[in-house]
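Next up is one chain by itself, shown in structure tokens, the form predicted alone.
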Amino acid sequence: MSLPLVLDCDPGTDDALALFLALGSPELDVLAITVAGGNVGLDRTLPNARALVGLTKRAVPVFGGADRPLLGAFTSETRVHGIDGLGGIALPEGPAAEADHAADAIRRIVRSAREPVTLVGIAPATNLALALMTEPGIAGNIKQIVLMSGAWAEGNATPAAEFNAVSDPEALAVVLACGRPIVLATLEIAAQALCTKAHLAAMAASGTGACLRAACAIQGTVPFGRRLGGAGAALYDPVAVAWLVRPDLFSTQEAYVTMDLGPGPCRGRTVIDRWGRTPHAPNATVLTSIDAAGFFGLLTERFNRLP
């Protein structure tokens, strides 16, 4: 049987590839796509999610959600994702979004599901936190929460913090404290899966489908960052989805994870105790290594399953 899940995203270039991976994987039953502002504003991320779903021809409902964090102001990241979030790659308009707010949809889907639902968060955690804060009882029907967020070393948005985490650290703190199993894909694991020019060329040569072409075009706009030595572009969000499809590609470590919510330069830092140096029991499974060749093989194969 396939795993029922809700995918919460903010497309975003790497979100696009993660969404294609999820919808191209028969192991996953994507019940809904929920969308927040993040990489760019909700006025861009929601149409992007709709367009990406439309390209797959999958009948999956899309729900718009939070356009700002629980506290503070919204900040986008156009340097990586472009003004429109997809690097300027134009896609056909997708089906209309559903009327419900994303948090309401998450609560309804989880509450009514006949088996526990997995939540996948590859955006700022605002939608997930709103659902959990307004109906804490739904946690009992959540199987696990898989997040692309945080770092155990330095950040990418600030010296201390990863982008999704610092975009709404209070929301991430709510999710981490909800009592359900958490799986964390951090900056470090994604840095082991750098998409190089060679990877992109091999993927592009593997087929002719519209989704494959779109994935390669979108990824081709992503700059190779100085933080990673200019060797390639990290595929952050697809790593989180790949964990659900092929956990055998990963090694993991149990750890206690908490948030720095202070006002100073460390705000948004995920404090990850990988070595048991605090008295707290682990509350998360942290992905620590990935078989990069297997990961890129998975992406290529699943993109080619789509139209």
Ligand code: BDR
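Residue positions are given as counts along the sequence shown, with the first one as 1. This structure is a prediction, so every number in the text was calculated from the model and none was measured.
A second form of this protein, the form predicted in complex with the named molecule, is not displayed here; the remarks below concern that form.
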Is T118 part of the interface with the named molecule in the model of the complex - any heavy atom within 4.5 Å?
no
Any chance M148 has a heavy atom within 4.5 Å of the named molecule in the model of the complex?
yes
At the 4.5 Å heavy atom threshold, is D237 in contact with the named molecule in the model of the complex?
yes
Look up in the model of the complex whether N156 has a non-hydrogen atom within 4.5 angstroms of the named molecule, and give yes or no.
yes
In this chain shown alone, the residue from C211, I142, C195, L187 with a heavy atom within 4.5 Å of the named molecule in the model of the complex is L187
Tell me, please, which stretch of 195 to 203, 159 to 167, 131 to 139, 211 to 219 lies within 4.5 angstroms of the named molecule in the model of the complex when heavy atoms are compared?
159 to 167
Since the partner is left out here, which residues of 44 to 58 would have a heavy atom within 4.5 Å of the named molecule in the model of the complex?
none
